[in-house]
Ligand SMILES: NC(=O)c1ccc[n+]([C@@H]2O[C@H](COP(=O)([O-])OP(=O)(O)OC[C@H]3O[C@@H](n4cnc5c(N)ncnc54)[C@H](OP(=O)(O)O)[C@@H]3O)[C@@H](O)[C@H]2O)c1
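First, one chain by itself: the form predicted on its own, in structure tokens.
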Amino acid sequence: MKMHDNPTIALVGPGAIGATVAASLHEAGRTPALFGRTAHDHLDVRFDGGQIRVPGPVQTNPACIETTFDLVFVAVKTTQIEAASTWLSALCGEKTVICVLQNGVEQKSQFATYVPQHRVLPSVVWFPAQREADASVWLRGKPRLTLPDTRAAQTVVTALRGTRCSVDVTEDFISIAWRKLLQNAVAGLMVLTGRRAGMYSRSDRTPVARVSKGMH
């Protein structure tokens, strides 16, 4: 796989996670092409002390794509993979790296129906970002990705080098992916109870969190 000093970049799914990565790239002068279900003129990502506006548009018609890209970030939920497959067909060439911005341990198998597994680069996403009512994204921490130590990962490392989104590369990616998945399982208790992280300071919440981790 030939490395590019300035890979051409596309991003599918400019939600909270996707918009954060797009903003990090744009801030460093590497604005990605944006694709998704809903048209937007731009993306706004807010954080303590500032805001980044990523110019659009967010394109919504795969049939209008006329070129392929070196690197495609895919930031969709598991339930949206099939719908996103039409973008992959349009955006990806034979050597395109497909970086899946989706926590879990089954990214390669989930995308195998649509693209060769060796072109799929899984990631672990380490940052809190949420979509606001005005469609902006609120980034509440420093963004970071963890990738497996492969040749394909170097394309992402190159793309995000010097941006606010740092990248870690590890040989033991599966263990880290499982650890993050378990953390997400425990965090899900906040969603179920409608409470913030302070709930875990209560002694009666610790056994519940342990059970949640054990079930996953």
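These numbers were taken from a predicted model, which means no experiment stands behind them. We number the residues from 1 along the sequence you see.
This protein has a second form, the form predicted in complex with this ligand, left out of what is shown; the following refers to that one.
- By the 4.5 Å heavy atom rule, the three marked residues 7, 30 and 155 all fail to count as contacting this ligand in the predicted bound form.
- Of the residues 142, 95, 77, 118, just one reaches this ligand in the predicted bound form with a heavy atom at 4.5 Å or closer; this is 77.
- Checked against this ligand in the predicted bound form, the residues 38, 175, 51, 183 give one hit for a heavy atom within 4.5 Å, which is 38.
- At a distance threshold of 4.5 angstroms between non-hydrogen atoms, residue 17 is in contact with this ligand in the predicted bound form.
- Using a 4.5 angstroms threshold between heavy atoms, residue 112 stays clear of this ligand in the predicted bound form.
- At the 4.5 Å threshold, heavy atoms of residue 84 reach this ligand in the predicted bound form.
- Shown alone here, residue 23 lies farther than 4.5 Å from this ligand in the predicted bound form, counting heavy atoms only.
- Residues of 109-139 lying near this ligand in the predicted bound form, listed in sequence order, are 125, 127, 128, 129, 131, the criterion being any heavy atom within 4.5 Å.
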